[in-house]
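A lone chain, given as structure tokens: the form predicted on its own.
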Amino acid sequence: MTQKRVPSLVASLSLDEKLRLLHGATNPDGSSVGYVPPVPRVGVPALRMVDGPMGIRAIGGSATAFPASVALAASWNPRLAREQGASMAREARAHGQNVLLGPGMNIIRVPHCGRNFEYYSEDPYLSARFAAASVDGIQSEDVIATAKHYVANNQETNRYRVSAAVTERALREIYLPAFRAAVEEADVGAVMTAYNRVNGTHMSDHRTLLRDMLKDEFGFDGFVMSDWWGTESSVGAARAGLDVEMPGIPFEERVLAERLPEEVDPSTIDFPDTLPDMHEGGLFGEPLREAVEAGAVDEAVIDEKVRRILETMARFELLDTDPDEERRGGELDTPEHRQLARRIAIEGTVLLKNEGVLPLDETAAIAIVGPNADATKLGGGGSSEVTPFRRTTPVDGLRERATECRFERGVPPITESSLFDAFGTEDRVDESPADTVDTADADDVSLDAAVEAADGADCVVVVVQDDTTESEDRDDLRLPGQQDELVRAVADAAERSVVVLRTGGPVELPWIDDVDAVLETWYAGQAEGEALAAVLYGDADPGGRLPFTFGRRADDYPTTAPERFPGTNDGVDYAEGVFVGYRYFDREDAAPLFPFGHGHSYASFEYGESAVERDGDEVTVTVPVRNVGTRPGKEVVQVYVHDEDPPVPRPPRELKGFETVRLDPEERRRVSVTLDRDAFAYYDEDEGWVVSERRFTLLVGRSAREIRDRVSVTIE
């Protein structure tokens, strides 16, 4: 069915049938996270939704577990994002699903946020590049992508009530660009509203941001759904621009029936305060009908919502699907998907420090130390959890390569928390896909044994990690448990030491001067072990660059004051405005531990003199880059814009373009980065986007702090 036939289809529906499409229902086969029921009389099939964005969270099934979104962004290679999006879409289709609930594209504002691993970056431009590429990949395989969580959803603490006090300029310049790119560049089919409020109004009820900005200004023509139990009203949300209430059913009916054995009484479960209010179900059902019949909501408003849903379904050829047949035809756990997961893990690995110890010698005796090194770090907890068909641990990967390899845990294992821990009792069915340590020897932990192993090896590899989950923020930025003590002890005993960080965001590294090398591998997914071995032994160059700033301590960031995080009186003050991440460090002239964009290679790169060319509104910077090392490597050329005489306070530098290049030893290429007119604009709340005639400096470099060349350009 084409989109042209949708108006007549809408006109043929009764009010009951229209409302049936505006809220979720219980999925008869239990295979979907979200389910919009069919309208059999007119041949409209059900709409099935599945969680992402790190792979398919198939209820009762498995899928490829890709690295976390932050690891994907650390590759600085949006082509990988498109490939991953297409792969996840094929797996969604294999599970009979139509809508992928991802990607997540919120800005990493708060380093403590428990969900940072699901997002891309602290930088709006980098986030936008990955958001558009991911959406494009998902939808290239005829699966509807969902841009989430719209908007200013930057912390998990008090996420159902907290109100972000944020200026329009900050929204426009920092928090909205990724969503705008998903709409204007990738034509995303669905948008999910956030739980939080913005300037006092819940996002499900926010007419300014939903209807005026997202739909009218950005031109979004898909449908807007709420986050699960994130609809706050019937009339207000309907008028504001929310189209679909999810999941549309009471909490007990949806979650408890899915996760608890029949013999468990739900009334015996003590749910934590982090769960949504249980009354938030069915607001777009009978209450919305009553509002229409009473004249509080015009039926034309309902018709528009139904039209958006049906036109999106028609666009993805879902209205031609037999409602009695599941929509299949995808691919699951293919060699190509497995290889892609490995490639992303490698390209997202960031070499933070290397004092000549990496890559490892094939003949070196290795000690692997770490409380969870024999478990794969698939991801953080929550709706992004994936159960893979296969996985490799760091111990697996290094034992496969090392001539001699000894493993010692050293300190007690670190807990793998999950949002779903709150959904049951000791009697519940445990569906958590989190990898676990080998319980046979988890209790046999000895720091002395780890020190002994490190002392007897040519090199010790210490694998450490944080513990993050949806619904909770970290209390501090220290590694949990006794891991800092472990690193110091084995580094002191070892001839050479390498620390592997498995974190979803920045952490404090008090022992940084005591170790020889540090790798950030994030949550590397199912191929973690083999990818780690490939990088450590030099089979592959560590291709990653930091997508956010590593401070030296928690109070280096702009969110230290309690009113900025976690907030006071159900409000959080975004007083830093546009000065988020490296923009704040630059304004304060504060030295980060590792700057935004940082990452070493096994190669060495020499930059030549940059040249600038103008072509209409576009400015192209071209710089010759040569690999002067002895190994092939990947370089990421980054271009930042500096306004030489800003009429308003502006960040000293802003990323506005980048390009990756792979070079063999002594190979030289001219790398070009093109900036459009928007790269020089700022937002004025009276005049809108402004580009005034003045001079800008273009900073060309390897990171926000390692600038190799500067060129000036005048914008008219």
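The numbering used is simple: start at 1 and walk along the sequence shown. In this text the structure is predicted, and so the values were computed from the model without any measurement.
Another form, the form predicted together with a small molecule, is not on view; read the next lines as being about it.
*Asks:* Go through 635, 385, 227, 123 and name the one with a heavy atom inside 4.5 Å of the small molecule in the predicted complex.
*Replies:* None of the other options qualify; the answer is 227.
*Asks:* Quick one: from 470, 396, 136, 516, grab the residue that has a heavy atom within 4.5 Å of the small molecule in the predicted complex.
*Replies:* When the small molecule is considered in the predicted complex, the option within 4.5 Å is 470.
*Asks:* Looking in the predicted complex, is the small molecule within 4.5 angstroms of a heavy atom from every one of 377, 409 and 486?
*Replies:* Contact check failed for every one of 377, 409 and 486.
*Asks:* Against the small molecule in the predicted complex, would residue 313 count as a contact residue? Criterion: heavy atoms within 4.5 Å.
*Replies:* The answer is no: residue 313 has no heavy atom within 4.5 Å of the small molecule.
*Asks:* With the partner left out of view, is residue 101 within 4.5 angstroms of the small molecule in the predicted complex by any non-hydrogen atom?
*Replies:* Residue 101: contacts the small molecule in the predicted complex.
*Asks:* How about residue 655: is it within 4.5 Å of the small molecule in the predicted complex, going by heavy atoms?
*Replies:* Residue-level check for residue 655: no, no contact with the small molecule.
*Asks:* Any chance residue 93 has a heavy atom within 4.5 Å of the small molecule in the predicted complex?
*Replies:* Flag for residue 93 set to no.
*Asks:* Hey, of 679-687, 22-30, 51-59, 663-671, which bit sits against the small molecule in the predicted complex at 4.5 Å between non-hydrogen atoms?
*Replies:* Selected stretch: 51-59.
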